[in-house]
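Alright, here's a single protein chain in two forms, structure 1 and structure 2, each given by itself as structure tokens.
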Structure 1
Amino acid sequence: MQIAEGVQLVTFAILSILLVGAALGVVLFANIVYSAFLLGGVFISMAGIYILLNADFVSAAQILVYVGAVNVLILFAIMLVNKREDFKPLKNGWIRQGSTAVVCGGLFALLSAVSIVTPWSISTVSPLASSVVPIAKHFFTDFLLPFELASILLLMSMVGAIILARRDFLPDNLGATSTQDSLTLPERPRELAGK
């Protein structure tokens, strides 16, 4: 075993442990904000595994799209809902837990069978050159307008989510206020800001 293979093996083991630990944290934590942050850890660990597989563009897309967009969108949705309710026991809740356990066990058995049956051989073919440069050339020449329109659309949706999240604090009697006051959003009350 060469030094590079040992480093790859240790890196893969560390990333796998981080991936499984963060995934378990996503499922087991009761606080949904902690689960959303750990989901970002899952995505970053997957990006590290993609780097080990010489898939540099897929790794960068994983970080940009999933960590930078999807995970932030999930956090915005959590902040937008912002309802605190205690857990209430469900009637016949054991049926849901049992069916979830059966589905998870079946998926685990299926994936285990596939990983055992698959012939895992090490390829001696040299890796291909990086595909980032040709894809970047297409992004900034042929597809520049859709790329920039998508970023503007994401910015508009983020600003809209912030405005909708603050809508509860608008005064009820907007007609009694002046025009200058109606164009500004009031600040969050102090008793709610501490929660």
Structure 2
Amino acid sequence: MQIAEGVQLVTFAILSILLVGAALGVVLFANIVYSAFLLGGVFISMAGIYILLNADFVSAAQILVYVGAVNVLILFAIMLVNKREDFKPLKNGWIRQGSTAVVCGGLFALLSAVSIVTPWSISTVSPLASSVVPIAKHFFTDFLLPFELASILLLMSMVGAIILARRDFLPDNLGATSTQDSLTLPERPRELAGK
């Protein structure tokens, strides 16, 4: 089993370097589009690490949800807004950057100390052939409540998004509608469903 273990080690090293590099890039790049694309790289590297941990379903779901949906939506938002603005360099900006670096470095040191000191119990059970069935069993037995709560949360956010997206603003006669209640946004009268 030496070759297999060697391949695993090399793959893990490559994936970790990619993951850490891409994550640093997300934070440090000044160009937000680069950050968004590198975020996709972070998610894909994480999917690779999941595969190394024999969690094939989780890794495919990671790619589907985070790369295919979340990252694409972030990119959409960035590209549709497309605001070109030159930021003025702040006076004493290095203080903020320096303190951020110190806080992040401290957190990193703390977490790595914890993870080195903790005696992790490593499972010796051979990996399951298919992880789909155990995941589904957990979803419908002991993790039923969190699962349903998450779906209700998603439903609520979806309804909210639809309401926000369906609102038609009237930007041209904003002054004429000042007699309205101050809490309601100026809207075009909506057609009733089914006309």
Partner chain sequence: MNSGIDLQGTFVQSLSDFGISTELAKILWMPFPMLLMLIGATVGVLVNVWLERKISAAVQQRIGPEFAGPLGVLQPVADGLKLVFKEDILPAKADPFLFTMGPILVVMPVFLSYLIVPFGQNLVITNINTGIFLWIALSSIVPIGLLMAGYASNNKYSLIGGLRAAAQSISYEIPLALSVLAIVLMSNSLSTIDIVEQQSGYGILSWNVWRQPIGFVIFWISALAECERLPFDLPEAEEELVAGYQTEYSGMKFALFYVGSYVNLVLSALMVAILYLGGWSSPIPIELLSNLAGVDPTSSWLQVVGASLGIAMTILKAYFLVFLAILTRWTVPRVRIDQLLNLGWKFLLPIALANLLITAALKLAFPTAFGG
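Given the structure is predicted, the values throughout are model-derived calculations rather than measurements. Just so we're on the same page, rigid core means the largest C-alpha set that superposes within 1.5 Å between forms. Please note that residue numbering is based on structure 1, beginning with 1 at the start of its sequence.
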* Between structure 1 and structure 2, which should be identified as the form predicted on its own? -> 1
* residue 108: CA shift of at least 2 Å between the two structures after core fit? -> no
* Asked: After superposing on the rigid core, how many Å does the CA of residue 96 move between the two structures?
  -> 3.6
* Look at the Cα of residue 147 between the two structures with the rigid core superposed and state its shift in Å. => 13.4
